[in-house]
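What follows are structure tokens for two forms of the same protein chain, given separately as structure 1 and structure 2.
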Structure 1
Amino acid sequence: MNPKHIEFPVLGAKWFIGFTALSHTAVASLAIGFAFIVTIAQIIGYLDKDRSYDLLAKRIQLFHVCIYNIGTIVAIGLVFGLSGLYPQFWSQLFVHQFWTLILEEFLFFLLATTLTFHYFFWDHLWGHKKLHIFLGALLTPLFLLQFYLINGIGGFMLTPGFQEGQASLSQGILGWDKQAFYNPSFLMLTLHRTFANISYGGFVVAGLCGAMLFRPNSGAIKACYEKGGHLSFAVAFIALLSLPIVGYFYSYVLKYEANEAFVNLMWGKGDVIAGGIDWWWIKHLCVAGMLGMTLTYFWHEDTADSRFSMPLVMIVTIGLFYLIFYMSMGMIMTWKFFWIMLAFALIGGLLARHLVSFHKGSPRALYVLVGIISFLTVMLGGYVREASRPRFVNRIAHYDKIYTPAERAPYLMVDVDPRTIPPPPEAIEKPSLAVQLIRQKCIGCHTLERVRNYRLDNWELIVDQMRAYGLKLATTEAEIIITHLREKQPY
């Protein structure tokens, strides 16, 4: 059968999906940060009996209601696009994780309703302020749950797992696949996206407050936006600090579980390079610049009136910590990376100082700038993650054993020449423990070819040697591997 598929004019299928997905990310990623900051601002306002925090919180929540609408519509566009342009991929993913996605839908319903109630009952509940704050505070955990569900699927697309994840793929799983959901990069993706969203939302709120500070308002109103800016900038900064660390462990997981993505990111291969530009580097330039700017900001922050300031010792410590972080990145990638990031952090710091002193101590321009850069970082992060991972069409062989009703099969076509599809693996039975161990443990530093090519018989020595090179292996595991290799069994 000749595969036919829908052509999307001008953009093409891939870029249409990329475009809608990124537009969705741009607005939807703000939701968690907004919900979180609204709650914090409401609590501080309540404790201080300071209306400015509450007014700001209400305004942010109004933005949130709008953004929630736009984000949803764009997401529906994305789902339409995927259903029509990648019908096989999409319907298989849906069959595979049906219950996950239905739960996701349920959570979206809860979120939309809670958000609406929280905003529209704001002024009805001044006698029940704690109840109102509680209702708003529910949004953050609900968002995290919703996020958790979608990350199971997002993580799966990046790291379907070694043999286990892929084996389960071919067993006609209907609706729920725990190994695919709790896949190797699930935890790190979740942590990274959680902190990134809080940081992004916070910097955008600070940026909006900064923009409002450019308008001719009275001192009281300015003070109000300044408070909002300080608060959300501080929240965003704390979340930002965790990101390189989480990202480091994230890449560690990728190194072992999605080596292709790791290599694409670290050494600029595949779609990570587009138009001759390495977008992963650009993203890191943004991050380094933001670290420089925010650290300088907190260093020069006038501590007299701000409760969100930081002692110098802490700033220096954080600075040193990140210096070491970038050194280790330099060792993994290239030293050029280290020097360029250092340069951008310094430039960011100088720029931050200049902007604040140019505006006579007001951080408004800095807030706006960091807000814009955090937006770029999120966009680039989303892009490189999807661009770096192996394409799903390459995995078609593993996918086509998923259950699909026979009458639907003729309609499930992808943009791929059927002759290039490798034959599906024969009924996959779970390999023995020894084989699993060898496949998992012996590919961290070299391929299995290296092991197969070894002709001598002193496996005990070899395995000990590998442990000396850094392979983590329990003694019992080592024995199992050695026995298997010594008996020259296949793996």
Structure 2
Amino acid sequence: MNPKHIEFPVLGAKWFIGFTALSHTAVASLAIGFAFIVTIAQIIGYLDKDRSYDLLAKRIQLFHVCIYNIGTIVAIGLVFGLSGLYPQFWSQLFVHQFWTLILEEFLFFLLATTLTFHYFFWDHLWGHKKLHIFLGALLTPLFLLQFYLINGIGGFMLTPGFQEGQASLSQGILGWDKQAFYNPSFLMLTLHRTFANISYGGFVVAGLCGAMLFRPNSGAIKACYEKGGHLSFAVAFIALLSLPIVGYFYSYVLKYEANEAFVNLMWGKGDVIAGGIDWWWIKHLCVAGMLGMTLTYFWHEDTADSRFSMPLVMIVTIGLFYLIFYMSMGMIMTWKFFWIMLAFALIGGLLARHLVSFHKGSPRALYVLVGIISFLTVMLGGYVREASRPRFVNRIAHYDKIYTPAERAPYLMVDVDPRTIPPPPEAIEKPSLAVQLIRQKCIGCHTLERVRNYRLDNWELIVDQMRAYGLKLATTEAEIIITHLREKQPY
């Protein structure tokens, strides 16, 4: 008997995919941050007529070109790994989001071309600096659009928004499932990953600048890395401040749309615990330590009157805000969590003060340390996000059968009994207008399960409330939905 699945030697299928995915995350997550820092450095250099900022931007872009190509190689390995090791899982994503993935691939090619062109024509376009800056500035929105596309698929894996059999490829565009893409956690995942990656990229650039400051450099080169470290550290810190706010709303969505994942994170359940360690806690320990280090750094910068310093009152306010944030987290999880996070923030602050004092006011060691810790937070965050969610294949597609949606079955070359293949699309009875409206309109803010679980019969009031909340629904459409729900017909 042939084995049902291919196994990867030594690591096994699960750990191979996990290792490959985190390796890709390590480099791919730098893209937005690097592109953003390069553009800001170029603009400041152009306005101030300071060549050191432009030199810094060019060196960052060289590093960006290198890691982007590494990320490409790892991403190809991930796709091949998923295709061979988890074919049902990958086939479902590709069937539902074929055009999303094709468009994402086109954007990938466009980004790789633009990034390479921007770096290798740096000196050739010196006489057209505004054009060159504009070309580099295009990278950030293009990366954001690429994130927008891939996060629709990532969010679908965590909060599908419907259960098996509810999705319909016959609605909208064949090969693009609107309900699957605009799932409940899509927006929050996009916002959280965007700000997290800008912060991550900025801290890594600061870490690289700090590492270069340990080498013997000329005065001009040293000044270049000093300015680059201050700039990128400030950008990273500002992006870091948004994460608790976005994270709160992200967790709110998970509480109601992926409760198992929420419980796994907050109370340490499932694969979030590996090797007897709660990796969600470890991730927050890193964040708390970073917070203490960065606040101490900007406290020092305020007294040093640096260009990228922040007012002392703002630093104190941020510190108090984070204190309240961790208190609220402690109320949800455990007060032990609050006191440990507070302790690590204080330890981080004392360590930052020592490092700056030890190097006679230079934050180079602090830059390197925070860059390393930010790398750890991104890796741990990526792991726990995936480890917390229930098994996707157990909820949607199963290992023991080929995924053949009715709309695609006639075109799939699968070895099955022809009598079991569903009829072609034109023979399939399309859902009624009421069913289509409920699926398309109600799924925008919550799952259909929430509608099914509603026990009262005041649907006219409920639909009117949804319209008041901003749901775009014509009066005739509202009447169709209300009638269908009152009759308790399936949808």
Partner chain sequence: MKSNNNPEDETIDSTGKQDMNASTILSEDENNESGKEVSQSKSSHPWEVELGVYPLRPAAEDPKWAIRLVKSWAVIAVLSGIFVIALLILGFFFD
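Between two forms, the rigid core is the largest collection of C-alphas that superpose within 1.5 Å. Throughout, residue numbering runs from 1 along the sequence of structure 1. Worth saying up front: this structure is predicted, and the values here are computed from it rather than measured.
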| property | result |
| --- | --- |
| Structure identified as the form predicted alone | 2 |
| A220: Cα shift of 2 Å or greater between structures 1 and 2 (core-aligned) | yes |
| Post core alignment: I482 C-alpha displaced by 2 Å or more between structures 1 and 2 | yes |
| Once the two forms are fitted on their core, CA shift of Y454 between structures 1 and 2 in Å | 14.2 |
